[in-house]
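In structure tokens, one chain follows: the form predicted on its own.
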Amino acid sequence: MADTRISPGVVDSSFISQTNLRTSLVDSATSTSQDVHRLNNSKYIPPWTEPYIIGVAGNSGSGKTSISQKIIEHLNQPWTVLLSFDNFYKPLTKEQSVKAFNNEWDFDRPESLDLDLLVEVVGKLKKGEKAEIPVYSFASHSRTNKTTTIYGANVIIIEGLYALYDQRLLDMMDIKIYVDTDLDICLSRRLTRDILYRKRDLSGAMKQWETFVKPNAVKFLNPTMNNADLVIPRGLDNVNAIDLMIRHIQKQLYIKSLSHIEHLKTIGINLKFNIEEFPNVKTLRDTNQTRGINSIIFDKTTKLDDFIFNFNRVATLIIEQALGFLTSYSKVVIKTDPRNCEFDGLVQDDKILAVTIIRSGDCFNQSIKRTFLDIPLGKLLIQSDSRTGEPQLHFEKLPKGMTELTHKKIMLFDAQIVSGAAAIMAIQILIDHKVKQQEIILCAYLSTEIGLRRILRVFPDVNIVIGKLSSMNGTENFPDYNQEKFLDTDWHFRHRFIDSLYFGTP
């Protein structure tokens, strides 16, 4: 079929040109068991296991919180986590709480903070694990029974008095910032905060400042300025210093993104690929029915209603083929009516859950509802950065109770796999939530060969069903599943057009 469709679509910015692939690919007629084994030695490093960590310290009232918010505003990075020391105060006993209400408890010494818990939280986020952040109440001087769950962080800002105090935190930071503001200005800001927002009286606030805040600042806090990479005098008023700092951080994040993209591009290129070596990968059989459906979907003159109807048809076929990967069944004897005959049947043991990659995977929603009477549904929003092409996780909501299920299959839906980056990230998210590779069934209508290679290189045991698969090489020996001789560089496989047409939006 000719490459003729002209319709709204997005070019995947991390797609590798066919020319580059040809020059770097090592061709082979057959695949060996060693090549399959090499898949297990390849590792995908998701962005949230290499977060950029920023430490922001300074005296109480120095403006460090405002500068942290300024950094967040200008970076405009998804999954930026602000870890405030205010959440990590140690809970007080009844006796200590009485002293606190009388302004006789020292909250400004390093020992008042649970630095061990903060180090544990940052360490978990750095490894891509979920972390629970305590919620502290200054009204009661104790932690509440609520926590904030955080999973995945591209940028972590550690903000607080002693952000540059603990060597364990310093070792994890990429840049360390100290906000140096005159103590008299700090005092006026602190009094405003304590009286207006923490409901304290003036005499009590002044007592705390003179007894605890100022002495501790001189003894413990000010010396941490020596640990800083960047000192910002006058806090938020120092516009030039803040601008230089933000531009430096943006540059470092840009370099990190490019490095991630280059890593993605190298995955799967030199793999000797033969789909028959992967029993966990299935493509729809080339029949008159599937060929007719593809003809309608690929035709640029097809009306919108016909396009949606036929995509729903092929999506249902893909789901039905995916159900072939279910392996856990129990035998059951069924009594039939009206003659009470017996039928040796099976009952499915696996709990099936679905996760769609917004919005491409949402094209499967109608077929999912028609195939399953009731199925828990989760969603992931993964989009590429417009500047670097790096895939970024913007939203994650997985089915409740998914991690506790012992017998389950997670059907992951994406209408098109171009570079494979979004699918790889989505699979990694499921694995981070204690899902095994063998429990995942990735369903896609169109896929490039390079996208499939990358997925298999990183996750060789994930089950995959593809409606139509293109080829990397323009040789005469095209596989049986690609009798049309589609190439990865052909328009239909290089552009994300399915969801644009399906939902009728550019």
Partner chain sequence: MPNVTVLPQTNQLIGLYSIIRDQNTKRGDFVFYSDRIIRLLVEEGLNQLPVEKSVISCHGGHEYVGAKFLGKICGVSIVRAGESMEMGLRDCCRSVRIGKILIQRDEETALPKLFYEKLPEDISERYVFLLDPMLATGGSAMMAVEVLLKRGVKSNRIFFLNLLAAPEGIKAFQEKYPDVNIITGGIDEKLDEDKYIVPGLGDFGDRYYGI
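Everything numeric in this text was worked out from a predicted model, so none of it was measured. Residue numbers count along the first chain shown, from 1.
Beyond the structure shown, there is the form predicted in complex with the partner chain, which is absent from this document and is the topic of what follows.
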**Asked** Taking the shortest heavy atom distance, is Y197 within 4.5 Å of the partner chain in the predicted bound form?
**Response** no
**Asked** Taking the shortest heavy atom distance, is N288 within 4.5 Å of the partner chain in the predicted bound form?
**Response** yes
**4.5 Å heavy atom contact, T371 to the partner chain in the predicted bound form** = yes
**Prompt:** Can any non-hydrogen atom of G345 be found within 4.5 angstroms of the partner chain in the predicted bound form?
**Reply:** yes
**Asked** Considering N226, N76, T406, N340, which brings a non-hydrogen atom within 4.5 Å of the partner chain in the predicted bound form?
**Response** N340
**Message:** Within 4.5 Å, heavy atoms only, which of L353, I156, I297, L380 is in contact with the partner chain in the predicted bound form?
**Reply:** I297
**Prompt:** Can all three of D305, L323 and K335 be found with a heavy atom no more than 4.5 Å from the partner chain in the predicted bound form?
**Reply:** yes
**Request:** Work out which of the listed stretches, 182-190, 93-101, 309-317, 416-424, brings a heavy atom within 4.5 angstroms of the partner chain in the predicted bound form.
**Result:** 309-317
**Asked** Going through 487-502 from first to last, which residues have a non-hydrogen atom within 4.5 Å of the partner chain in the predicted bound form?
**Response** D490, W491, H492, F497, L501
